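Shown next as structure tokens: one chain only, the form predicted on its own.
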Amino acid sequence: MNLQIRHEETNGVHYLTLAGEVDAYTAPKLKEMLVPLTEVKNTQIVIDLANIDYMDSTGLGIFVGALKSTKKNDGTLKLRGMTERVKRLFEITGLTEVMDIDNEVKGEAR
């Protein structure tokens, strides 16, 4: 599967909406879009993950790096809309303790 990224800026806040999979194949595309935003002083970034079907450790690494860069530049990074499956991945790795994650979780069909 592929990764689609939509980027909008409203009132100085960068909104990224992701759809598809974040893995070793698609992570470079996400990194290319996200890293420059995190390097801007005082930037605010909100990432919607509601349409992410799959994420591996490469994807987690992108978000960890983005968080570090954002904090270094006095910005904020918020993740929202995770499916239960993706949220579990963040919980298992302990990232829910260090990242700003919206608690609203997208349900999954069983």
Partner chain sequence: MNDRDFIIDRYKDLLTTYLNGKNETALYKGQQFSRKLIEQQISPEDVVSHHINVLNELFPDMTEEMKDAFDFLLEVMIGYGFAYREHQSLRTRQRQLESEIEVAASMQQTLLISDVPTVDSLDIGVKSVPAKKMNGDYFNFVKDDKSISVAVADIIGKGIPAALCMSMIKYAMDSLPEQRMQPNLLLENLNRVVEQNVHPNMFITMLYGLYDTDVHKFYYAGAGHEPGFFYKAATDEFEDMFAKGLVLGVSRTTKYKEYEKQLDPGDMIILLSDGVTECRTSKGFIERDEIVALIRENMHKPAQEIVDSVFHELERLQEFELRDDFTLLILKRMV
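It should be emphasised that the depicted structure is a prediction, and the values quoted were computed from it without experimental measurement. Residue numbers count along the first chain shown, from 1.
Another form exists, predicted together with its partner chain; not displayed. Remarks below refer to it.
Of the listed positions (S57, N73, Q44, N51), a single one reaches within 4.5 angstroms of its partner chain by any non-hydrogen atom in the predicted bound form, namely S57. Under a 4.5 angstroms non-hydrogen atom cutoff, its partner chain in the predicted bound form lacks V13 among its neighbouring residues. In the predicted bound form, its partner chain sits within 4.5 Å of a heavy atom belonging to E97. The closest non-hydrogen atom of L77 lies beyond 4.5 Å of its partner chain in the predicted bound form. For the chain shown alone, D102 is not a contact residue for its partner chain in the predicted bound form, no non-hydrogen atom being within 4.5 angstroms.
The three marked residues, R6, P36 and V40, fail to reach its partner chain in the predicted bound form, with no heavy atom of any inside 4.5 Å. Contact annotation for 69-86: a single residue, R85, has a non-hydrogen atom within 4.5 angstroms of its partner chain in the predicted bound form.
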